[in-house]
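A single chain, nothing else alongside it, follows as structure tokens in the form predicted on its own.
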């Protein structure tokens, strides 16, 4: 009975893995790089299908022909061992299949590698992986963000990857392949998104307790929307704050600014030990785990370790009064970039 329940639960979980409302599908590419990789996947599947079908047909044929039945011993007794023509044939066929697969794989790998090295006209983003969040720095634009990577459509993007602690791996299935982020080393990855939308990404290297929660999103938008977002992130200060939001801003300056950067309050945001919150209210999720709303933000402030195991965020359950938490939440919910304003 217990085995049956476990089997049903396993099948249910496998079924549920395909039910995410957010796309995370290598078979639905949204960049030239991902399309190239998908063509190699199609070629591999076609070759493997030929092998699978051939082996299955031969296996079934021999299973029926040489099954145990009256007279079968006489039939097998007259067989002669060894056939050089057949042995040469089934030795050459696997070699031929490997050559057919290897040639386009090597050519495409070389082509993608050359594209990654060429930076002319590309948007360069320095990506730093942390346990367990992602930092995105736009050096030419002077902007740093976290959790959501903004890029313009139809423009080449070069990702310069590194890590602040352990080995991570940057992976956005619909935009490109995986690339490791190693401490003290820079790896590069490039892609040119060809359709606007929000695409899911994650860390593809087991990196600690919070590895499963180390997700992010890539927002591919029009060039004007991207420029507007950049300008909004550069705004020096929040404007037209309510009294409660101003009090929350003071709490943030005194208690949070040493770890969390916001573009307006602290222009030296690169290298902060915690995610940048300049467009916090625009994020879909808190710490990429909970839906972004006031109730969940209070839950996160009270019990961050319970929400995201391994997170370095301390609990503020006893440090703030309920009124102070409400003021801080009011301020954080005002950090929203829209049409060039924040």
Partner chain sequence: MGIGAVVFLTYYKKWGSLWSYMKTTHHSKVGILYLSAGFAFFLRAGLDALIIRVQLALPQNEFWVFQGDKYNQMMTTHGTTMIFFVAMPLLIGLMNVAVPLQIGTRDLAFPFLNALSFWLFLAGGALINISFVLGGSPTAGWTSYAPLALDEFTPATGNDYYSLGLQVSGIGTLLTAINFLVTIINKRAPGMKLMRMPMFTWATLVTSILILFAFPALTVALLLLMFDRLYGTSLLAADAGNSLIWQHLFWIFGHPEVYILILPAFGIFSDVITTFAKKRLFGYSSMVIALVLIGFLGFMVWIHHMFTVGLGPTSNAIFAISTMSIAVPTGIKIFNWLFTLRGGVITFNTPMLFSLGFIPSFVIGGITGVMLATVPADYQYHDSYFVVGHFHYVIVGGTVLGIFAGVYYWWPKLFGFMLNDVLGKWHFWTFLIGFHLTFFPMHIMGLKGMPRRVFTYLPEDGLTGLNFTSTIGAFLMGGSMMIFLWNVYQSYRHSPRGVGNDPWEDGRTIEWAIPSPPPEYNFARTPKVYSNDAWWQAKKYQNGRLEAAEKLTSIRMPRDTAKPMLIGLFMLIGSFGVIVEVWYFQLIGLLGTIGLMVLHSFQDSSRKIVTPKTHPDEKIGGEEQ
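The structure displayed is predicted, hence computed values, not measured ones. Positions refer to the first chain, counted from 1. For clarity, a rigid core is taken as the largest C-alpha set superposing within 1.5 Å between two forms.
Not on display, but discussed next: the form predicted in complex with its partner chain.
Proximity to its partner chain in the model of the complex, defined as a heavy atom within 4.5 Å, singles out one entry of 151, 207, 230, 159, which is 207. Taking a 4.5 Å heavy atom cutoff to its partner chain in the model of the complex, the contact residue among 247, 126, 219, 178 is 178. Its partner chain is not drawn, but in the model of the complex it has no heavy atom within 4.5 Å of residue 298. Its partner chain is not drawn, but in the model of the complex it has a heavy atom within 4.5 Å of residue 200. Though the partner is left out of this view, residue 105 does reach within 4.5 Å of its partner chain in the model of the complex, counting heavy atoms only. Its partner chain in the model of the complex is approached by residue 171, whose closest heavy atom lies within 4.5 angstroms of it. Partner contact region in the model of the complex: 86 to 94, out of 86 to 94, 251 to 259, 138 to 146, 220 to 228, criterion any non-hydrogen atom within 4.5 Å of its partner chain. Interface residues of 111 to 128, taken as those with a heavy atom within 4.5 Å of its partner chain in the model of the complex (partner not displayed): 112, 113, in sequence order. Once both forms are fitted on their core, a CA shift of 2 Å or more is seen for residue 81 between this form and the one not shown.
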